[in-house]
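So this first bit is one chain, no partners, the form predicted on its own, shown in structure tokens.
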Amino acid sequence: MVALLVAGCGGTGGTPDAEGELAVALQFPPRADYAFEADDGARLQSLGVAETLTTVDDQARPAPMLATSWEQQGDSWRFTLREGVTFHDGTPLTPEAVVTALSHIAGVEAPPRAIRDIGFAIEADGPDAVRITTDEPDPIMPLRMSSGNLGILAPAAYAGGGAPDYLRSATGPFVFTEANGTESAVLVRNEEYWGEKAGAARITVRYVEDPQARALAVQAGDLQFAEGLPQAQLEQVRSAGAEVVEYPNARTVPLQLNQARPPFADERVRQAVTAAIDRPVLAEQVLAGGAAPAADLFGAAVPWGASAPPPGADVEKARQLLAEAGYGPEKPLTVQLWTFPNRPELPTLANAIQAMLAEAGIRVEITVGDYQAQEPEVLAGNYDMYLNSRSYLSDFPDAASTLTSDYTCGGSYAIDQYCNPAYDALIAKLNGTVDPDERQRMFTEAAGMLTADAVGVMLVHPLNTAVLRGATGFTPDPLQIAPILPQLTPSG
């Protein structure tokens, strides 16, 4: 599934030291004190502290974690728990402990998206299993249970009645021993872990939002691992002897085209825009190799995405399509392009798109503004072109949520204003399909329909980056479910 763009993930040489310590820098600090119901709740999973009932394999199919097997029975799923697991406080993993944990998170004011609005209920089912019931039969409950927002903590963590106490209360390969707000955290290897032990005896996690600061700390030797360095910093760390790993990201930058009004209600105009844009140039030159050109909505981060690159620009074809739609020197086409600066690559891409479309005879006027102010307008269809950045997996590795919200006739995030009854029928069938392989085939089919109907232009898939200097063992996970830190081993 993963196509590495820089070969090798071992580290920077040296002898592995399983009793050594590491200092690492992560780019996104916890904004809500690691609360499972918040967007940063999955951080406890990525640290290797909290674990979920399931995980996923390298084909994005559900795989065992705290549960070893599961089966659907009507509107419920029965999960059999792993034997011999203990929490960091020494208490055993039991069905009652799982019920306490998941009942708590299901009962908060705003439950995690993975289980929101499905009538989630859980109960013990014998001495070694739990039963999860929903309002309607749910085809993807095993995938839902891999969401990092559904981590299981010991019963004592919930005894206070408020937010659960995550210190020394999970089951993972690391014990969370010290939390310092949004600044740092300290993890110690769990010597009683049920699975493979962590590679480092102790890790100090620093939350460093500034990418330049992360790069400088790697260069100075203060860090052995850092994530999320943009292209501008990669040569810095390479010159200091660090290894750089770039790997796919489950994110797409689409140029969204408003089909609810002219000119993009005309499919020929949408096709002309697609033909005029050179996506390989955007990825390799405009973004200096920091992205892969997008041939469809998904791409190489998932097994059902297109991995072959799209064609370059065909300006003559674009001009011909525009002429067929009634545009040309006597009737030039001028459109508005909106985007936002929160992701710094978007204004850069907007300028490049403006130049490419000009070659085809389309004049583009760019507005860079606040996303929060733009969103109501684009959702209402009051725009021409919108340059966006969108994660196409929501909390767990299943694309049905995005395919529904973004592209069905009644979708809640249907910016393109796309409405195709045949597409909606496919998504309705998808929502009743259990088999993971068949679901993935349908994801591919849905993406193909979006491409055939010229529903916007999928431009690029940004890349994730990681750097190692004094550590070995990193294995990239584009789905961002596998823990980042337990695999790292200090190297001298």
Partner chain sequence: MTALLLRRLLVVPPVLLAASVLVFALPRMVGVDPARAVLRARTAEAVPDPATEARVRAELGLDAPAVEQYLRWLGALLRGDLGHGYVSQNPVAAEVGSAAAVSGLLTVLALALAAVLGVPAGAYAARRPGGRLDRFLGAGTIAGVAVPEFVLAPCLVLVFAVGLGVLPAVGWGDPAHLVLPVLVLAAYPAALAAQLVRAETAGVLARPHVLLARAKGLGEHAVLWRHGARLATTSVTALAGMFVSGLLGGAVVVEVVFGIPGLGRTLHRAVEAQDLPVVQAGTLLVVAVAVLAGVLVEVLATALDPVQRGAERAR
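Since the structure is predicted, the reported quantities are computational estimates derived from the model, not experimental observations. Residue numbers count along the first chain shown, from 1.
The form predicted together with its partner chain exists for this protein as well; it is not shown, and the discussion that follows is about that form.
- Looking at residue 448, you'd find every heavy atom of it more than 4.5 angstroms from its partner chain in the predicted bound form.
- Residue contact with its partner chain in the predicted bound form: residue 216 places a heavy atom within 4.5 Å of it.
- Although the partner is absent here, residue 29 lies within 4.5 Å of its partner chain in the predicted bound form, judged by heavy atoms.
- Heavy atoms of residue 324 never reach within 4.5 Å of its partner chain in the predicted bound form, leaving it off the interface.
- The candidate stretches are 90-98, 71-79, 370-378, 298-306, and the one lying within 4.5 Å of its partner chain in the predicted bound form by heavy atoms is 370-378.
- Of the residues 424, 39, 437, 58, just one reaches its partner chain in the predicted bound form with a heavy atom at 4.5 Å or closer; this is 39.
- For the candidate set 123, 209, 128, 165, a heavy atom within 4.5 Å of its partner chain in the predicted bound form is found for exactly one residue, namely 209.
- For the candidate spot formed by 261, 392 and 457, no residue has a non-hydrogen atom within 4.5 angstroms of its partner chain in the predicted bound form.
- Residues of 411-429 lying near its partner chain in the predicted bound form, listed in sequence order, are 412, 413, the criterion being any heavy atom within 4.5 Å.
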